[in-house]
Every structure is written in structure tokens, then in C-alpha cells.
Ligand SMILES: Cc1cc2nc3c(=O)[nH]c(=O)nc-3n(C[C@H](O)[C@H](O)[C@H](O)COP(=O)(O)OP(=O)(O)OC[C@H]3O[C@@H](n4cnc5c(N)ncnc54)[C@H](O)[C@@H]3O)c2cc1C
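As a starting point, one isolated chain is supplied in C-alpha cells, in the form predicted on its own.
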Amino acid sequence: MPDIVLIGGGVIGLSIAYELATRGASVRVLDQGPLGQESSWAGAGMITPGNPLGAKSPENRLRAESFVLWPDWAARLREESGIETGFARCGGIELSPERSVSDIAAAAATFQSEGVRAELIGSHELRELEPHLSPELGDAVHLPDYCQVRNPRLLKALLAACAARGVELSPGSPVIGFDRGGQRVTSARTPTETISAGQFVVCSGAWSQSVLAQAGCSIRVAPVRGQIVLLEALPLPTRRILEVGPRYIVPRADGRLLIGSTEEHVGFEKRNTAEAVAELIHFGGELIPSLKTARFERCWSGLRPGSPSGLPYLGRVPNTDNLFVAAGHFRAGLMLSPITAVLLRQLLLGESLSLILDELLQSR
């Protein structure tokens, strides 16, 4: 019998499993489909900089703590798995969707107030940094510490590291119910077996609401479809992440660029649409004109787990001693995976929390 069963094998579930296994816990991961797929695989791997000494809001504090963990996290996974995750500090440029000078100045001021390296630059300075950008773009924020990671490679590294540490990985094992005894969950049921454990964690991404409902817990997590386009452009017209509101361009070292992403409330419908793909390609060409002649390689979509507040549910489920939740990370699941793993490890193993977030460490 495992000490802990994790229900969900995306980046959050695998990260928690890996962190628990490093402390000697016996862990089993269940997933309804293949491990390391869905929105974890589909994202662009953007890691926004943060500074724990200056972050004030719950969202920024989570981001800042995770940002500090990322270099060591990526190095540990590389050493244990032998897989290079593509983690790199590439820098980033943030632009205003409306080309508003006041909005971009406010964004720079917010980063600076947190102690994050951020420079407000004018159009001339932007041209010097990024000569291939459209000359019509105005002021921007230069974030030299912006990082990225390759999602598929990270997930392969997590799977390999978990397996090496004895985590039992069970793809194709949907949880269809729970058994309870008083204030405790005693087992999780799949179509083929009943699995007992000391503790359970629901980290099923966009499906977390329905999984927890089987245990009598109500949370609000809904799927939000995001579509992404992949282009090939050699030589790369930029090596920095370019972010404009919810849209972005993320360059890869192999000469490819990701252009994303939509935010569509269409239920569990995971497919690409001609309209969205055309819109993303148009956005890329407007930002970098040379991309209009880049080679289209492919497109895909993922279902991100959105919560009403935009913040994840992290903590113990009410009225249940041994059932926990880590879900609703929306667009920030990969970015927040290290700090989520550390916090859940601390909660599950009865350790002191390294970060007290009363707004998050409860099911709201």
C-alpha cells in the first residue's frame, strides 16, 4: 500500500510525486490517460521572474518563490534523469496590448516595486534590443531574467526521475469513486482496482472539480482551451520571450517559435480552429513582420484548469483529514510546479510550511 496516492499525472502531480519521493515517501500516481500530457505538455514553458523579498500579493508570492526554486529544480532533474529540460534565462519583453504608455509604465513600476529587474524602454531602445520587431511598437518593459523551459522535455525528465525513485506510475487509471471511513478517505476506486493509501491528493487539472465531487468536495475549476501555433524561422528573429497581454511569442534554440495563446471557454473540447490559428499567425506577423514568410509547422491545443479567482486551490479538503487538492493553476501550472510540489510535500509530511498563504491553503 502506498503512503500517498496522487490523482493526476500532469506537471503538478509528477512534481509533487518527485518531491515526496526525494523524502522517502511511497507514492503512486494515477491518471485517466497518458502521463505528462494535456495542458502540461501543451504550454509554452514561460517562467516569469519574481523576488520573494518584494512580492506582496498571493499570486506574486507564489510566482516569486517558484522562480527562485527553478534553477536548482531543473538541475536536479537533469542530473537524475539525464534529460536536458531546456531551462534557460532568455530574457523577455512585455508590451501593452493597447500600446498604452501609462499601462506599460505601470507594469514596469510593479515589477520594480517587487525588486525584479525591469527596465522601462522607449521605442528607440526597443529597436536596439529587438531590431526585427515592427517599427510601430512603442514603449516596453525589458525583463532580463525571464526564463523558459521545454515542456515535453521537462515532463520526460519528471517521469524518468519519478521512476528512478520508485514512484509507481499508472496511466489509463481513472478514479471513479472514493471509499470513506468517518473523516478519512480509505481508498480510491478505478475500473479495475481499489487502491488504499494513507493520504490522497487530487491534482487532475481541468478535471479536478469532477474528481473531487466524488469525494463530496465542491471546488470551481473549469477547462479553458488554449491554442498554440509552431513556426520555424531560421535564423531566429528574436531570442527573447515577447509578451502582449495573453498573447506571446516564445523562441526555441532550435529555430522554432511558439505563438499563443487563446483563452476559450468551450468546455472539454480540445481541438484547433481555423479562426484561432489564423489570428495567432496574424498576431505573430504584426509583432515580427518577417514571420509572415516563416514555415508553418504545426498547431495544437490544451485545456487549462481555470478557477474563478485565478489562483490555485492548494491544501487540505474541508472535513477530510487525509484528502488534499492542488488544482486550478490556469496558465501558471508549469511555472508554479516547483513551489506547489514543495508546499504539498510539507503539508503531506507534516513539515513546517516555507510559505504561509492563508488565501490559498484551503479549498474555497
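Position 1 is the first residue in the sequence shown; the rest follow in order. Here the structure is a predicted model, which means the values were calculated and not measured.
The form predicted together with the named molecule exists for this protein as well; it is not shown, and the discussion that follows is about that form.
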Within 4.5 Å of the named molecule in the predicted complex, do Gly45, Gly205 and Ile228 each have at least one heavy atom?
-> yes
Determine which one of 312-320, 50-58, 291-299, 332-340 lies within 4.5 Å of the named molecule in the predicted complex, judging by heavy atom distances; exactly one does.
-> 332-340
Please run the contact check for Ser261 against the named molecule in the predicted complex: heavy atoms, 4.5 angstroms, yes or no?
-> yes
Is there a heavy atom of Ala17 no more than 4.5 Å from a heavy atom of the named molecule in the predicted complex?
-> no
Are any of the heavy atoms in Pro71 no more than 4.5 Å from a heavy atom of the named molecule in the predicted complex?
-> no
Proximity of Ser39 to the named molecule in the predicted complex, heavy atoms at 4.5 Å | yes
As a check of understanding, the residue in Pro97, Gly82, Pro174, Gly216 with any heavy atom within 4.5 Å of the named molecule in the predicted complex should be identified as Pro174
Identify which of Val27, Val325, Leu303, Ala64 has a heavy atom within 4.5 Å of the named molecule in the predicted complex; exactly one of them does.
-> Leu303
